[in-house]
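Shown next as structure tokens: one chain only, the form predicted on its own.
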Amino acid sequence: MTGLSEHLPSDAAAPTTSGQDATQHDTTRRDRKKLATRQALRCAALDLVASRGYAHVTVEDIAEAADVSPRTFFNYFPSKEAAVLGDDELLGELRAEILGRPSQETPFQAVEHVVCSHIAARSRHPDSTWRDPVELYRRMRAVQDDPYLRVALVAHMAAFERVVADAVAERTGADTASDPYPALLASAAMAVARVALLYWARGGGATAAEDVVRAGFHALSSGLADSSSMTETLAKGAR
């Protein structure tokens, strides 16, 4: 995926020397076009929701604003909620990575590592609005200010919490029907990620997103005794 962040060669560039090179070039161009369309749809959804409110925006509105058809919209997102909140394509990876962490790690350590790793990857991926903290903050504010989106966010976060809780339960042998620990850890981890990302985005992304989230996990593991570690981490990039 690193080729997506590079400039496309101009039409005046030297011709390719093999059919394989030409195929790779065409694939890269297609990937870029898909990325641009996905980002245009996300931006259109955010703009419309911020100006009209979620209930007054349709898939057709978003598609029209992005200059594509509704059918094309559904090639990228299953719903308008997904265009604003993101979809759940990483849930399977999240579960597998928690289960794959070294056995000597505590469940807390395993979840912290995986959540921070995913946030690091998402914040650098060319297909992620997390790369732009201003855009992420705008999206998070739009969600908080819209009653319909707040409901959608609860369901969105619940899906992640279930996956994390099930992975912790499988890792520890706990019975989720009688042991609240997996659900408690999952809920706390998602809260740390959500709040840390909000403050990271509000501050313009002065430091790495995963560092702020990691500081949040540290504060949680220390019993939330004080806020100095998160405050110091947020201030690092501002010096």
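Not measured: the values here are computed from a predicted model. Just count from 1 along the sequence shown to find any residue number. The term rigid core refers to the maximal set of C-alpha atoms that superpose within 1.5 Å between the two forms.
Note that the form predicted in complex with a further copy of the same chain isn't included here; everything after this is about it.
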Would you say all of 37, 59 and 121 touch a further copy of the same chain in the predicted complex, counting a heavy atom within 4.5 Å as a touch? no
Identify, from the list 50, 43, 183, 68, the residue with a heavy atom within 4.5 Å of a further copy of the same chain in the predicted complex. 183
Even though the partner isn't displayed, in the predicted complex is residue 188 close enough to a further copy of the same chain, meaning a heavy atom within 4.5 Å? yes
Is residue 206 near a further copy of the same chain? Define near as a heavy atom within 4.5 Å, in the predicted complex. no
Give a yes or no for residue 150: in the predicted complex, does one of its heavy atoms lie within 4.5 Å of a heavy atom belonging to a further copy of the same chain? yes
Going by a heavy atom distance of 4.5 Å, is residue 179 a contact of a further copy of the same chain in the predicted complex? yes
Within 4.5 Å, heavy atoms only, one stretch in 93-101, 159-167, 72-80, 112-120 touches a further copy of the same chain in the predicted complex. Which? 159-167
Contact set, 193-210 vs a further copy of the same chain in the predicted complex - heavy atom within 4.5 angstroms: 194, 195, 199, 202
At a 2 Å cut-off on C-alpha positions, does residue 184 qualify as shifted between the shown form and the other one after fitting the rigid core? no
For residue 56, does the CA position differ by 2 Å or more between the shown form and the other one when the superposition is done on the rigid core? yes
